[in-house]
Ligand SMILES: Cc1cc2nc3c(=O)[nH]c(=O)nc-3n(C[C@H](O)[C@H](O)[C@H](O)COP(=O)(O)OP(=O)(O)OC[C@H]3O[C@@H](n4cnc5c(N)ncnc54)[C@H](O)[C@@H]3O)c2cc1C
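Before any questions on binding or motion, here is one chain by itself as structure tokens, the form predicted alone.
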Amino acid sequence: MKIVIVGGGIAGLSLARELALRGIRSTVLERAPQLNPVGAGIIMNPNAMRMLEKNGLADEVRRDSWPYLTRETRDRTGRLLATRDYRPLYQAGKLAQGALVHRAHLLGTLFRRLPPCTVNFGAFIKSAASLNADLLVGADGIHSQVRREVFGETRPRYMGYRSHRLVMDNVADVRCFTEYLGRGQRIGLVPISEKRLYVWTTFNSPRHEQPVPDLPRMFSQFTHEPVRHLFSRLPQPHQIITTDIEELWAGYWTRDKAVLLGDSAHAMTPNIGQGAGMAMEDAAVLAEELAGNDKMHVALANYVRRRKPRVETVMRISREVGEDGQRSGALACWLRNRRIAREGRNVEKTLADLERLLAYSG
């Protein structure tokens, strides 16, 4: 069976790895001339790390990462609203331990553990539909060429806010994932090693409005001293990635001998850090079905049946978290913060909700 995977990001490399473990060779076609670590840092939630434990890559990823043990939520002044502690679920064996990672390290780990010559870099495809393959896999992201040519156009939906992402020295001395909630803006500080910090922001913005290049002034509502110190030490503007926050849901994920996975099928907002997790889960389920069924159409139908309900749920939760975080009215933000603080005190429910979301086994 000749399987061609278009896209050498997390989704495509994960599928190639899962197939290789089952004795199925594939070819990955990646347009970039080399591994492309755009995105700076990445939050590997417990469900994503469970997939890596199953395919033998978790230890290597964890060797150069920061453990995801707790998460703090603060208001724009730095007042602690809630702490989410994952350790009881880890210690009970209910969740795999999460990790906070540089995206380049994750991609490098996936790439290095593939059979030689699996990935063809610099592969520009004139027509995805004309590729000679028993199965064509679209793993080429939210603006997928495979989806457009084989399934028809589905345009991403802009969610009303944008994001900055960067990696810098941990001058704020942050020791756990810390999120600050402001009015129409958020800041996330994510340690990815002993000395390096992944920083992200979100800010309400009309789609085509150019953001203010002066980030300290733009985010002046955040007055906590570690944040102010960090904004005084930002890297050069060209090292800061700015992206629109978009969402996409493809109506069909399979057609004849073509299939979509990851962002090509269901690009979601980054609010709960599940883009990588959903792509890795997709890859594991698709590979399992292809290895376990003689009939291609049965394998693809089973993949869609198993994945759509799960992805729909996670996508909805992520969208709702984003809508809540991007509130801009003074009263609405005050009520949100009070609710988060109140809910944070109910540790038993918090742990139950986390287990329900993150204890995915396929």
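Counting begins at 1, following the sequence as shown. Quick caveat: nothing in here was measured; it's all calculated off a predicted structure.
Another form, the form predicted in complex with the ligand, is not on view; read the next lines as being about it.
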In the predicted bound form, which of 26-34, 297-305, 65-73, 49-57 comes within 4.5 Å of the ligand (heavy atoms)?
-> 26-34
In the predicted bound form, the residue from Ala129, Ala123, Met168, Met218 with a non-hydrogen atom within 4.5 Å of the ligand is Ala123
As a check of understanding, the residue in Thr254, Gln97, Thr118, Gln274 with any heavy atom within 4.5 Å of the ligand in the predicted bound form should be identified as Gln274
The ligand contact in the predicted bound form: Tyr180, any heavy atom under 4.5 Å = no
Partner contact for Thr223 in the predicted bound form: the ligand, 4.5 angstroms, heavy atom = no
Can any non-hydrogen atom of Ala11 be found within 4.5 angstroms of the ligand in the predicted bound form?
-> yes
Answer with yes or no whether Thr243 is in contact with the ligand in the predicted bound form, where contact means some heavy atom within 4.5 Å.
-> yes
Within 147-163, the residues having any heavy atom within 4.5 Å of the ligand in the predicted bound form are Ser163
